[in-house]
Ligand code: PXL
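A lone chain, given as structure tokens: the form predicted on its own.
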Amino acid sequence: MIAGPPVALTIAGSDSGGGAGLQADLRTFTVCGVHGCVAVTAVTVQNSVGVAGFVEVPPSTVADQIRAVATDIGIAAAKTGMLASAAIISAVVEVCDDIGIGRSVPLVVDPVAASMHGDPLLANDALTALRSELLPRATLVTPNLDEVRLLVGVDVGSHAEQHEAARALHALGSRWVLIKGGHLSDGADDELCLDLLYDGTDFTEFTGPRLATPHTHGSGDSLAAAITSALARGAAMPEAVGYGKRYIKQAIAHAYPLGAGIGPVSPFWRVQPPWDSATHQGY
């Protein structure tokens, strides 16, 4: 019998455009060599232009999905994306405490507070629950600079303020903090972007070229999912973040247009194309 791959769980919303959310997570899990399971938190109505609305899944149903996967299949690592409401966050925290996610099972928190188009995805009470309930249980939190401002009130405009934000977020309880610097331009070297990893003692910098493409939909989800995949496969945190950074660099480099707005980052660089348009042959 063939041994199965490690299992990773995404607790996130569905993107009807297929570019972000649990769809991006599952694509990333697959090409990174782990089996993906899902707990759906919300169903969004969105495309490449923006989010027109969303409907929340009942909190008890979100928790039941997590428990069903954990008690039968087992989970090697988990991540969160869009959690939609304070009630869903509380339900997720309760079931994760019951089954060990965030303790024996690594938990990556991608604090999705707004879409990349600027559409709000978390109300103020949900932000409070995220700070006080979920972050103290996180193994890693991966905010972008807009989410940093919402969570700790630090408006990052320099690398020094990036360090300040990392300390402030770590104080909320997450064991590791990754401050993503893709939106940071402090005039020092705009050709490079710097992500900063902090464990409460040491800082680790991950630098890479700033890629010129407007098509970055799902980049945050995909980075967090790649890191989660590496943790599920047994990597230590710095190695897992390095793996995630290498993955997302290629995914952004291979991003493609879709619809009238912002296209998604692409996992296709990791797989053989299923169809050859020149020869009209496929698998």
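No experiment lies behind these values; they were computed from the predicted model shown. All residue numbers refer to positions in the sequence shown, first residue = 1.
What comes next is about the form predicted together with this ligand, which does not appear here.
**Q** Can any non-hydrogen atom of residue 265 be found within 4.5 angstroms of this ligand in the predicted complex?
**A** Contact check for residue 265: no, nothing within 4.5 Å of this ligand in the predicted complex.
**Q** I'd like to know whether residue 138 contacts this ligand in the predicted complex, with contact meaning heavy atoms within 4.5 angstroms.
**A** Residue-level check for residue 138: no, no contact with this ligand.
**Q** Would residue 44 show up as a contact with this ligand in the predicted complex if we use heavy atoms at 4.5 Å?
**A** Result yes; residue 44 sits at the interface with this ligand in the predicted complex.
**Q** When the contact criterion is heavy atoms within 4.5 Å, does residue 169 count as touching this ligand in the predicted complex?
**A** Answer no; every heavy atom of residue 169 is more than 4.5 Å from this ligand in the predicted complex.
**Q** Can you pick the one in 151, 193, 121, 105 that has a heavy atom within 4.5 Å of this ligand in the predicted complex?
**A** Contact residue from the list: 121.
**Q** Where, among 28-36, 232-240, 217-225, 61-69, do residues come within 4.5 Å of this ligand in the predicted complex by heavy atom distance?
**A** Of the options given, it is 217-225.
**Q** Note that this ligand is not shown here; using its position in the predicted complex, name the residues of 16-38 with a heavy atom within 4.5 Å of it, in sequence order.
**A** Residues within 4.5 Å: 20, 21.
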